[in-house]
Every structure is written in C-alpha cells, then in structure tokens.
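In the block that follows, a single chain appears as structure tokens, in the form predicted alone.
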Amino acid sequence: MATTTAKPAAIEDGGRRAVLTQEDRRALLRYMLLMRATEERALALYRQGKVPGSYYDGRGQEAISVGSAFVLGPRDRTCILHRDLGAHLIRGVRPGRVLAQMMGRAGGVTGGKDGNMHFGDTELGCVGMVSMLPDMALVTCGLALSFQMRKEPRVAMTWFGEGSTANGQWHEAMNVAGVRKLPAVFILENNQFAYSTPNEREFAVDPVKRAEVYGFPGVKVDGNDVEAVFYAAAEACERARSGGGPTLIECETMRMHGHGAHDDMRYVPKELFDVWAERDPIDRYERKLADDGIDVEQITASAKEEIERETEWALSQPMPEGPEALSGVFATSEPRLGDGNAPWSFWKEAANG
C-alpha cells in the first residue's frame, strides 16, 4: 500500500480538481517567505536576549507546513509542531502575534503564557502543542473521532518528526486511526536527525511503510517541493472526507538549523548541508515561479515590508500584568475551537459563505 511519488495526481471531486491557480502559487511563496522571515527575526530577538528560554525553528522545512496546511478548509483542525510556523500563519495568525509570543508579551497568541513553542490560537482551529511530540497524534485522533461520530466531512491534521515514530504513543495513535478509519492526515517530517541521531540509527524500516501495517495508505514526497506536498495532502484530505480513513505522508527534508538555538549541529557532516542547501524550498520555488512569469520580486518585497511592520508592532507590546499569569490556566468553560482561514481557491466559497 505504501507508494513513492514526487507529485501525486490531482484530485477529482464532483468535477472539481485540486489544481493550484497562479494566485494560489503566489500565496504559497508568500507564506514560505513569511515563515522564514518571522523565524529569522525571532532568532535575532533571541540573540538580543528578548526571547526567554531557547528557540526552535523550521528553516529548510517551510514547504511542508505551508504546502499541507494550505489544503485545509476553514472547519478543519490542526495540531501543529514547533517547526511548522507556516501552518499557524495560514490559519490566520499574524507574524507580529508570533513574535510577541516568543518574547512573552501581552500581544502574543496566548497573552505571554505558554512559552515560545506551546502556543495555538484555538479560535483559528489550532491546538496548542504538547511538548512530548507524538502526543499530538493522539489529540488528532480524538478530533478526527469526533468528526466521524458527528458524520461531519472534516479533517484533523498533525505534523511530527521521524523521531516520533519510535515512540509508543505514536504507534497507539496510528493503530486507533487505522482501526477506526479516522479522517486524519499525519504529516511525517523526516528531517534526517532526531536531535543528534541520524536516520540509520533511528529505524530499520522506512517509517512510511508502517502505515501499511496499520491498515492505511502511506506516501513519500519531496518535502522541499511545496506543490508536491500540497497535492499529496489534497489527496489525503479528500480520502479522509469521503470516509476512506487516514493517510501518512512522509516528507523528506533536512533540518538546516540545530535542534534549538543552543545546538551548533557539529554532528552533521558539512557535505550534507551543502547538498540540501542546493534544494532549499524557497529558492527552488522562486526560480520555478519566475520561469512561469510570476513577479517574485514583488512578493518578496511585500513579505519583507510586512515583517518590518509586524516586528515593530510586536516590540511595542507591553509585558502582561501580573494577574494575567493566572487567567486561562484552568478551564472555566467548555473549550471552543473556532474556524481558521482557508486561503486555497478550492475553499474560498465555503470560507466566505
């Protein structure tokens, strides 16, 4: 059942096809640029002492979160990993709110709480991340089970690294998803290292083949090709909505920064960096769009201006008042997950309606 493909076929759905328009393609580049620029600015703020704790980014992995989250509709739900800022941005979180969050400011996504990696705007359908990374796969199964029980054509999507696939919680999630044919999409980001442990010491069998063991399809895509990720995710979401159950998508990529800002990655051979630098997802996509006649310089300039405005706004935000430290810590009402943005043209009518 496991297959390997560079670009899955477009999806047929009642005469509609999951084909990206030129407007969609410009948006994909814009979100990748915003993700990288936001993270570069956050890293600079960390080095200035304005971001407490450590800092974790997803440089080199922008195509994965952007390409997959771009598929989702407004009522779908996400459990986002700390290296997938692009998914937050697509759901509607502004870069300034992310930067304020990193600095513990009142204007942050959770008002200065939850640190720089556990945040999620529930009003936009984003569940805050649990540090034990595979645990978000279990939360995703819970969301998907509720959709299935209510007979709602909705999808729950989550992201995790290949290191998570060695954890017992991950296997429990895959098992229940397969047994119940849950409408879930699992995005596996194989970035070559689980902290400092390389792939060859992580597993004896390619993780994507494990999907077949649990009774559902697994596919492997080039994780540095945003359109390949998009089409794989579109096919998986369509399968989930139509009652076909979950899909595991393994996206091959490379973590181009350390596990955290404190990690100098001295355990990674330089030649490996050089190989993957040539495959940078943003550089590749800029060249591709430019060859197709799209004004890449205008998109780049617009993203740069946006980050400048958002950074200025974030820095103007005050630190939260003391009593705020206790607000929202304990549940006082029924939790609510609201609807997020749905930028893909396929969903615009539903999102606006």
Partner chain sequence: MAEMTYLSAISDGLREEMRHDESVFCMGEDIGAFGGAFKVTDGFIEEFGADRVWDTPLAENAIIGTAVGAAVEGLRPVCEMQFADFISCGFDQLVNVAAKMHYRQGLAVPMVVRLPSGGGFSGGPYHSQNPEAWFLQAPGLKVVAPSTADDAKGLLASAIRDPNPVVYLEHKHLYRRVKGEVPEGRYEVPLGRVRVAREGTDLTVISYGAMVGIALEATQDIDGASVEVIDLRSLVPLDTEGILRSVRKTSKVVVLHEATRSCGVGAEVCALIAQEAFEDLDGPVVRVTAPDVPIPFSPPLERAVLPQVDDVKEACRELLAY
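These figures come from a predicted structure and were not determined experimentally. Residue numbers count along the first chain shown, from 1.
Not pictured, yet referred to below: the form predicted in complex with the partner chain.
Looking at E238, you'd find every heavy atom of it more than 4.5 angstroms from the partner chain in the predicted bound form. For the chain shown alone, R201 is not a contact residue for the partner chain in the predicted bound form, no non-hydrogen atom being within 4.5 angstroms. Taking non-hydrogen atoms only, D114 approaches the partner chain to within 4.5 angstroms in the predicted bound form. Proximity of G258 to the partner chain in the predicted bound form falls outside the 4.5 Å heavy atom cutoff. Only one segment in the set 238-246, 175-183, 210-218, 91-99 has any non-hydrogen atom within 4.5 angstroms of the partner chain in the predicted bound form, and it is 175-183. Contact with the partner chain in the predicted bound form, judged by any heavy atom within 4.5 Å, is made by just one of E162, D225, D135, E252: D135.
Checked against the partner chain in the predicted bound form, the residues V205, A106, M149, V275 give one hit for a heavy atom within 4.5 Å, which is M149. Residues A325, S327, G328, V329, F330, A331, T332, S333, E334, P335, R336 are the members of 313-336 with a non-hydrogen atom no more than 4.5 angstroms from the partner chain in the predicted bound form.
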